[in-house]
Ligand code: DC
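The chain below stands alone and is given as structure tokens, in the form predicted on its own.
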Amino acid sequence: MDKTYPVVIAIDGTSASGKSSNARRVARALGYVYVDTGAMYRTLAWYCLQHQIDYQDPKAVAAACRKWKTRLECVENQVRLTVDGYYPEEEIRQSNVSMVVSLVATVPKVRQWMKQTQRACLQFGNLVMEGRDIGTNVFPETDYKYYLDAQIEERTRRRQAEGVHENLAARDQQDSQRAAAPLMIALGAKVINNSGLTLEQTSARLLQDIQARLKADGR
């Protein structure tokens, strides 16, 4: 890839595999911009709830995604998707949003819109972007692809420790079987199973590999 082109580190993986926490640590260590794509889908779910849009109707959700007034901002090296100038940072983490986000995320037109928006984050420079289809769909051309996973029992414990009770087996199935950009290991991705590893150990393993690759590429 052209060395003048921003670096994109794609971190994909299953629910509760530590994508967000590790991506934040990697971005901070490298001085890159952190992009939480899940937050973007959550923002749309929140928007649908706020405006009483039927989140079970793909056409209604796609129409909302076409019409809402959004803007990308970079604040303290983290990308935010604002709606009408507002960033619903706390609202998008509430349980009602968590219940519907997987439904809006399966809509093909939504994923199309999100891909375009997420690729626009390149305007902010080098990125660490985490999600479920970054290496396969959003930035398939990047040379820096990672896939995090852990045993389902461990992931379930992590969720419960956060006070969230979620059927992760059902979520995994839904993510991997959706028609648009399903969750899968990207071609050439380094897979890290962090069962039994601490956050520090996982991020250290990621950084060691990333820094070796960046050095080899003359970055």
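Keep in mind it's a predicted model, so treat the numbers as computed, not measured. In this text, residue numbers run from 1 along the sequence as written.
Just so it is clear, the following notes concern the form predicted together with ligand DC, a form of the same protein that is not shown.
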property: Ligand DC contact in the model of the complex: Leu81, any heavy atom under 4.5 Å; result: no
property: Contact flag, Glu154 vs ligand DC in the model of the complex, heavy atom cut 4.5 Å; result: no
property: 4.5 Å heavy atom contact, Val128 to ligand DC in the model of the complex; result: no
property: Partner proximity in the model of the complex: Leu148 to ligand DC, non-hydrogen atom cutoff 4.5 Å; result: no
property: Segment assignment from 71 to 79, 120 to 128, 98 to 106, 139 to 147: heavy atom within 4.5 Å of ligand DC in the model of the complex; result: 98 to 106
property: Heavy atom contacts to ligand DC in the model of the complex at 4.5 Å, residues of 115 to 148 in sequence order; result: Gly131, Arg132, Asp133, Ile134
